[in-house]
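This document starts with one chain, in the form predicted on its own, laid out as structure tokens.
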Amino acid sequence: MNLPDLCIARDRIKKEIKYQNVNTKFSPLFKDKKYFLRTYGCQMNVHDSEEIKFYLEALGFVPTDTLEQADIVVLNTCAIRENAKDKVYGYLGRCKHLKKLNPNLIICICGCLVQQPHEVETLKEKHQYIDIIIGTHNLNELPELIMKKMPKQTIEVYSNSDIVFENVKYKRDSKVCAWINITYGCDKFCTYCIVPFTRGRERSRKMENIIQEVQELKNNGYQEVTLLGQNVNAYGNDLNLGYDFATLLEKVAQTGIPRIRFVTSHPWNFTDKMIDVIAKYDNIMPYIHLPIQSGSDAILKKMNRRYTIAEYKELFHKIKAKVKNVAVTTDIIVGFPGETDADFKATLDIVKYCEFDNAFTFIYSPRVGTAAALMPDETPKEVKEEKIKELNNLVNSYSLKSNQALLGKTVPVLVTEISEKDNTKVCGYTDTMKLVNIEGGKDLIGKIIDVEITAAKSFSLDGIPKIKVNN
């Protein structure tokens, strides 16, 4: 039984990174048994779930969308905000009921939630019906834990890692777009963020292995890759091999894969070299997610964000000046401890200044173990809710303005799937990451087509293909 420890997770003593291939061959001992997988949280968790799917299907399990039909239930959890945690515990109630009806049901919980000691203690004491608890650093051990399921609850959560696993296999959700991990962990320690504890120290994959993965995806017909990390800008810093994220980005572009994206970037080390590479290659999409978090220098300092508003503006202008037709989105936290009305006004002011194409906004949520959780927070919940409502109205107005600027224009769209809003249509994304619902049939999926924009809403566009299509 390995339990998480925040003191170990906090450790940033640099040790040599070890690269290790994972086992990808398993006997299908659970042939035709059914698995139910539920994912919470960020893109990293979504991609982790693609790894989990590979392991489960290698063991013989087949997917089901019906919880009650499952022989194994896996919840891949998030810890970034309180409501994400609440959703997990709420869903565990349903799982507990099913376990009473079917004692042979295997219940597994993994992801960032279980990297926190106090949450594991809660799971041990109040949710003993859970069979397997496994952390973010050792997902590759999941098949073995399932095969040798113990009568008692098994907990395997490591608090930090110096290992980068290569040769990881995935059951990808899409045959068009793919996630590719390039870094793991984060060393920034923003005072509100639990990620450095749940994901560990920054660790970079070897560039040649990333390029090989991109090339294989391209050869298999994938149209788009997204380079993924908690802070992609930090790529290569730990390798000391003379290359950085800008180098990697250029090498990926030179593979010729049609579309390249990356998330997430930290403004503190977004370099001029990165901007130049993005501007140079047409297959690097003109879309940058650049979290600002607050418009107040005082709050940014308390957040340990390591930049000022003046520095953010300078970076913003460099990107806008060099990258043609670029769209910039951001993250903003409302109600951080000590935030005054003047601080909040400064946030509204930076939104007005940048006119972001979109923003993901959140009310501050304290995380046990972070520095901000110890800061006094006297702002009532009702005040925070009013503030975020005002912020969202402003953000949505600029999102709508940005979308309306495309009315009547023809833009390239990568068609990815059947539209959720209307199954007689398909949908996809512009190069600037705007969702478009398109009149056309599923034969368009996987193609990059020119689409004339006919309608604009705050969060999506409607369009007509400029080519003849079969419905």
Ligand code: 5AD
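Numbering starts at 1 and follows the sequence shown. Keep in mind that this is a model prediction, so the values were computed, not measured.
The form predicted in complex with the ligand exists for this protein as well; it is not shown, and the discussion that follows is about that form.
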Query raised in the report: Within a 4.5 Å heavy atom cut-off, is Asp331 in contact with the ligand in the predicted bound form?
Result: yes
Requested in this report: Please check if Asn209 has a heavy atom lying within 4.5 Å of any heavy atom of the ligand in the predicted bound form.
Outcome: no
Query raised in the report: Any chance Arg259 has a heavy atom within 4.5 Å of the ligand in the predicted bound form?
Result: no
Query raised in the report: Taking 4.5 angstroms as the cut-off for heavy atoms, does Tyr192 touch the ligand in the predicted bound form?
Result: yes
Requested in this report: Using heavy atoms only and a 4.5 Å cut-off, determine which of Ile80, Leu142, Leu92, Met274 is in contact with the ligand in the predicted bound form.
Outcome: Ile80
Query raised in the report: Just one of Ser365, Asn138, Thr154, Ser397 has a heavy atom within 4.5 angstroms of the ligand in the predicted bound form, so which one?
Result: Ser365
Query raised in the report: In terms of non-hydrogen atoms within 4.5 angstroms, which of the given stretches 355-363, 121-129, 247-255, 378-386 touches the ligand in the predicted bound form?
Result: 355-363
Query - Within 4.5 Å of the ligand in the predicted bound form: residues from 268-295 (heavy atom criterion) - result: Pro291, Gln293
